[in-house]
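Alright, here's a single protein chain in two forms, structure 1 and structure 2, each given by itself as structure tokens.
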Structure 1
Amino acid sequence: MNKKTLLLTALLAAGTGSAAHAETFKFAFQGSLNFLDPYSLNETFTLSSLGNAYEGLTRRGSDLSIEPALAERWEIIEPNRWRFYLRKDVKFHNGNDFTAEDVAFSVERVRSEGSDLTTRVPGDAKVEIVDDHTVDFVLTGPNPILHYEWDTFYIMDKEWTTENDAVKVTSASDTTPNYASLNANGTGPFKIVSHEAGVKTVYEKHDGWWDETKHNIDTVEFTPIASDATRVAALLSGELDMVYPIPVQDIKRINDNAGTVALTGPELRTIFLGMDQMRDELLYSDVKGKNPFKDEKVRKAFYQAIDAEAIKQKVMRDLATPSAIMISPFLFSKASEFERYPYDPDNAKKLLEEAGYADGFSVGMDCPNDRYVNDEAICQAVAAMLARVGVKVDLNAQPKAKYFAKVLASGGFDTSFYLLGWTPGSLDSWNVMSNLMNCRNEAGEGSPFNLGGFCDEKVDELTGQVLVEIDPEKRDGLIAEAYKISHDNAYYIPLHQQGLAWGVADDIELVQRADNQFKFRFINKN
């Protein structure tokens, strides 16, 4: 860490900054903001962007602790009944009042067909409106983490959504967006005043925001820039105030440049590989009449053919930590009990031979090229490593909009082998288990992001127990048992925890949260 980074970090920690003058803040991300509907895509950049305009009943602060937001407080008044007291005198950007009707409407909409955030509220939970500013969530059993991931469950205006014929959610695979996909009407600190997907999105300060404003930004302009070189050049020239991610190989250049610094830190995201273990025949392979990924030996062969340490060093330039489980070690007390299977291409060949694939086989691989740090380069490295044990990978790297539309439930889980990243919105293992590790059907009911569709009923059973267990030691034991089952069967191949790398002008103060969410309310421009 150089002096400039130290200085900026100190400013971030102190939370200092002047609110004496208004400013325009310009930034770029590698991918685009395609939908403004807050329920279309459960993806960090999209949810982070929309979280500047929309708000939930709760939110997370700069240290990721849960804070009151549209609910000013809550309590458990019966074992299975949570009561939320809503903040009064809150207005949506169009001037409509925020009430309990909006909460009930949003709960139903987020659980409806087309939503990519259906797990935010339990499917069997009932919402009862007590009065205009009080709502009860009635559960079928204890749930100590009901509100853990409501930071990105945003409340919509029932009247605005209904009047504009946008009650049905536009899914990530829909080609005809509705009104809510092109326009936004939240209660948050910034209004989206113009939006052209793939070109530019402009935010303006919401003067009627209910909370105390601590930033000094009047306008925010977001431009997607896919090219790493162009993005970094725009920062170095002063055209932009912030860009992310920055290529790890450019960190030194940005730090050496007068007026810019690189902010790096750990991220709570696990990058991993998944395999279709559900279909009887892969969609994209020269193996016909059977699915090689149903064989545990093939999955472990893939695991041991991939050198995660080499990916860390050569692709990620050490801005990653190889991982043995599907959650950040910062978020699970027993993470140190797990170790990766060793890189061993000879044993991988042996396992493939034992499984009946001594000559290898071919398989298609889906990979985003503008979502995670060096995502396409990681996939290229994986393909090269698998080639050494006889597996030919046909790599399909594409922008995240096309990637997600293809591989998610709305696209029919159209993949055989894929790379994905996951940060648990609740910062808790139950989120990982319920979203990635439970059985699902073809519609995605169950674990909607278990794209490979493996099904282990013991993991499902453990997930249910984890949800209601309140003893921390017992709970972590149940979680460890589920991760061990996944590890022993190689249901997934965890690769690494990626690091954050942002490039920032050194007159900017902001907060780099470990969940990679970028909130404008923390920005000050000096």
Structure 2
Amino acid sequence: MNKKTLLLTALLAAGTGSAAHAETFKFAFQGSLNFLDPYSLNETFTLSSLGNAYEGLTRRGSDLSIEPALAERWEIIEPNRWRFYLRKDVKFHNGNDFTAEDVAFSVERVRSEGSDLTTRVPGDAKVEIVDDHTVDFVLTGPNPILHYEWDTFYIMDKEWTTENDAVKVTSASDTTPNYASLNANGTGPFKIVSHEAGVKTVYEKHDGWWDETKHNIDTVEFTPIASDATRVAALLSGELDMVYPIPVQDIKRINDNAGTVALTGPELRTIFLGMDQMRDELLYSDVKGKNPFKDEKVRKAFYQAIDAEAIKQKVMRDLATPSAIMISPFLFSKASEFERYPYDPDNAKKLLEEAGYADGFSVGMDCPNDRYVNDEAICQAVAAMLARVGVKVDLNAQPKAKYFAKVLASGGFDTSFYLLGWTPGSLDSWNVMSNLMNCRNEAGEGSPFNLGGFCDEKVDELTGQVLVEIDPEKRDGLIAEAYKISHDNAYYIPLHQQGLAWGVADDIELVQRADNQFKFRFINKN
């Protein structure tokens, strides 16, 4: 028996071994999977779940690097023409072949009315089918990050979608869900075999998957569990193999319990404070006739009055990484060049005095209480710290549904001082710049999430350049310049990247990705 056959026998034995012993993996998340149409909602958990059944042309690995998926490789053959070479012999769960037609169809559908993911493909980009397994994307200008969000732009089967009358995306205003909203047919490692929204979703291994299977799971059962205490209890009692998220105060208990461990790691989301720098008089303040936040000294005073390290230790129980820029250091090569202004309440007082607020002033602060990890507690800590330098904060913490209705464009940016978190969907700085750092008008045109409305023409100019700059080194330089302007002027006060906390049974191996997506293809049950 030579070496090769020995290996083959071993593999076969391993194969039959695991087949005889079907592994079921059960997990819970705090929210639910409401529908299966991959273009209905641009939300992490929905896209993360569907990403086990559907696949994009690209995918992201455990370290978030872009990998080929349904496209084997791609190249920019002309500055404005990208060519994607599609993987051959890929089959959808229903047995249909995956071809260039499906890609063209998915591009049309994802950009159609009712889709919540229209930004995945530029509206003016054209798709040209070269042959069955080659597709060209023709753009109107250079775009180095065309494919950055394609790991969650899932390719659907044209034939299946058309046959089942599901070409139109089930949008938020539709009265009946279409077939694709209740059924899934992707190319991914798992197929969805049953789905009851808000109750249970069952996945089964897809045997015909094109990639080498590295997991040993045959069935995955997902249950939403909204109550924190119940979710943790279900893990501790051994009913579930994994739950997420877990409250930071339960981490120790899960680690102390035999058979379970808490898996923690950094998340990409940056939590920061923003200030109204647009209005001539603040809506919520005792300062009349002028806006103190227009003064750089006041903004820096706020910055230096807040002890990010203390928030990390006391509020976040070390499950946070204090941050100096508005993007996770994972997503930006020059992040290490930035450093937070030191915590210095004395200097803060001095700056306030120089700005003419020796006796301090009062300001209203808006804060969600059910959106980010310990959000309300962070705001309370901030209020207490500012009180030490004489600023009186009237905290208005409310549920996200009310909070966002007040502070976003639809509420007329009704805030003076607020806490917000941001993860760039594309995992790239341009998203941060264009959404948070450009000028905007009162209707929110420009950067709609620049709630404080600061306006720096240089940043706007850099944003335009970053969008079309192909050379990575130069591009990162432009991005760094923008972040430096924001830092120097204290346009924002970045606080930290919040951490991820998942609870896992100790016989499970899995990958906790910093984008908080959970991929079954990484799971192994021992």
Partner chain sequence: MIGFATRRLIQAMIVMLVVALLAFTMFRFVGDPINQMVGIETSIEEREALRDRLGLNDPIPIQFLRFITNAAQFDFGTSYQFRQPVSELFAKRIPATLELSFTSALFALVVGIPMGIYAGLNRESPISKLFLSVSLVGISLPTFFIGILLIFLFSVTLQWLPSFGRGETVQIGSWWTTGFLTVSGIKALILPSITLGLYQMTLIMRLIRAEMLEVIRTDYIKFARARGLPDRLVNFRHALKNTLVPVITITGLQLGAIIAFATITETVFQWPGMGLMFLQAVQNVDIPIMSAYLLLTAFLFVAINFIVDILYFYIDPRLRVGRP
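The first residue in the sequence of structure 1 is number 1, and each one after it adds one. Because the structure is predicted, anything quoted here is derived from the model rather than measured.
Enquirer: Please identify the form predicted in complex with its partner chain: structure 1 or structure 2?
Expert: Number 2 is right.
Enquirer: Are Lys406 and Leu462 assigned to the same rigid part between structures 1 and 2?
Expert: They share a rigid part, so that Lys406 and Leu462 shift as a single body between structures 1 and 2.
Enquirer: With the larger rigid part held fixed, what angle does the smaller part turn through between structures 1 and 2, rounded to the nearest degree?
Expert: The answer is a rotation of 30 degrees for the smaller part.
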